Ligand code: UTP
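Only one chain is given next, in structure tokens, and it is the form predicted alone.
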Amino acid sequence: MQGERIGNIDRIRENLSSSGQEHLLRFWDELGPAERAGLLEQINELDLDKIAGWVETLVKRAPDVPVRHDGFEPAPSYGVSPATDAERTRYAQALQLGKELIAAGKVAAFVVAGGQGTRLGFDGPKGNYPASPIRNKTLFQIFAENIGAVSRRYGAVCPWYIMTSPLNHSETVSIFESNDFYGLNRRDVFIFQQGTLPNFGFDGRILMAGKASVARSPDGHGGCIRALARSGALKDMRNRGVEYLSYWQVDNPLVKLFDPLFVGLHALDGAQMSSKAVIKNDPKEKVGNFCLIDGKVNVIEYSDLSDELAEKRGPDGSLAFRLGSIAIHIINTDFVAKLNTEGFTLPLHRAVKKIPHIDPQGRPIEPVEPNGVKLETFIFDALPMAERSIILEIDRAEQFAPIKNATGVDSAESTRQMMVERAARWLESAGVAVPRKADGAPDCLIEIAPSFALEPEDLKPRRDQIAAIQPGDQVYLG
């Protein structure tokens, strides 16, 4: 039924009734022409042929149980640095190939940015959250400056694709327009929306947000696979000759957007979708776990991994499942196209949430307890669909500092601290003295703009541009 233009109201009622969703037209007689048209459009977007199955297997089913260990193996990976002569040769080849691919315009940046800053106490798209320690540059600005610096370094056009959601699309576009696209050519910035999925009550009935509106939520970061094709972004990539997407999520300002080593290893191995990983801080750290199932790379959510597996250790005492997923990938555009063939779908995941809605009398309800189920897809579920996939370990302190919480772990405060500490290490590696406190933390604030340095090696030739740093200084290098 999806994609079919609905016109006959009796047939619509029949289709809804067969799916157990006839209540979506409960207020039909009270609606005006524009409201009716809008509601029909929303109903037309529902995949009614699949909804009964979703209700049975996802909405009404028992909560998930931890994944058993049958058939599980720890996933292999490339290390942060090569350990043998053969690996050193491989890494050198990959680094050179990655640089060539970036310079040839074969690599594009792709960020999923559909979230709001609600958990941070911030009103607006999360990408507009001020993140840098001195200039308070927003996440969007930090990424844009990185893309601009990479484009200049390689003499290439590095296009940027940004997936928003219905929650923040218009505002995101306005932010970019009001900031003149942060100095990037607007023709090289492609902003598009992800899709949505209906919200369900525990009884399996789709909730109504209003008399003429279905309660819906963004379909998760896995929704990018469909959205890339439907929005025209994939076509734009092909017209430009883009073959690889550098994928990340909007909350990580330390991400290395164009990593030639990662791109090169991925290309050398003929992979279709690859991942970066960090070594987990503890067995139950709240990151996905990389593993092999039937020889294919998979990510198992921390909440789905049994305690037995999470605590399992190898002969050297290290965690067996030590590789944590951080939502940084390289994805081939041909792989995205392949996944958009007819019948493709990523598995759906359930999340029990508090969902505002109206009751059968049309009165608004703001629940104080979870009252329903939202469905979403995860990008990492595409990994086992790839014929080949590699994992590259990275140094967490260099490339992973997500802003997820208002305070504490993975907060704006901890991220700014990591940004300062990374800048201090970079300067010290170039021979610049950085004052430190008794506990070893930098006794100053430092912010390095991508235009000044994209990596530590860029600082050595610019040492004469860096003044001596005193305790308490605020040092901006840009």
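Computed from a predicted structure; not experimentally measured. Numbering starts at 1 and follows the sequence shown.
Omitted here: the form predicted in complex with this ligand. The next part is about that form.
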>> His221 versus this ligand, in the predicted complex: is there a non-hydrogen atom within 4.5 Å?
In response: yes
>> I'd like to check something about Ser246: if you look in the predicted complex, is any of its heavy atoms closer than or equal to 4.5 Å to a heavy atom of this ligand?
In response: no
>> Under a 4.5 Å heavy atom criterion, is Gly114 part of the interface with this ligand in the predicted complex?
In response: yes
> Contact between Ser325 and this ligand in the predicted complex at 4.5 Å, heavy atoms?
Replying inline: no
> Hey, of 148-156, 211-219, 88-96, 175-183, which bit sits against this ligand in the predicted complex at 4.5 Å between non-hydrogen atoms?
Replying inline: 211-219
>> If the criterion is a non-hydrogen atom within 4.5 angstroms, does every one of Lys137, Thr407 and Ser414 touch this ligand in the predicted complex?
In response: no
> If you check Leu257, Met163, Ala131, Ala75 against this ligand in the predicted complex, which one has a heavy atom within 4.5 Å?
Replying inline: Met163
> Though this ligand is not shown, can you say which of Gln194, Ser274, Asn289, Asn199 has a heavy atom within 4.5 Å of it in the predicted complex?
Replying inline: Gln194
>> Using a 4.5 Å heavy atom cutoff, which residues in 242-257 contact this ligand in the predicted complex? It's fine if the answer is none.
In response: Gln249, Val250, Asp251
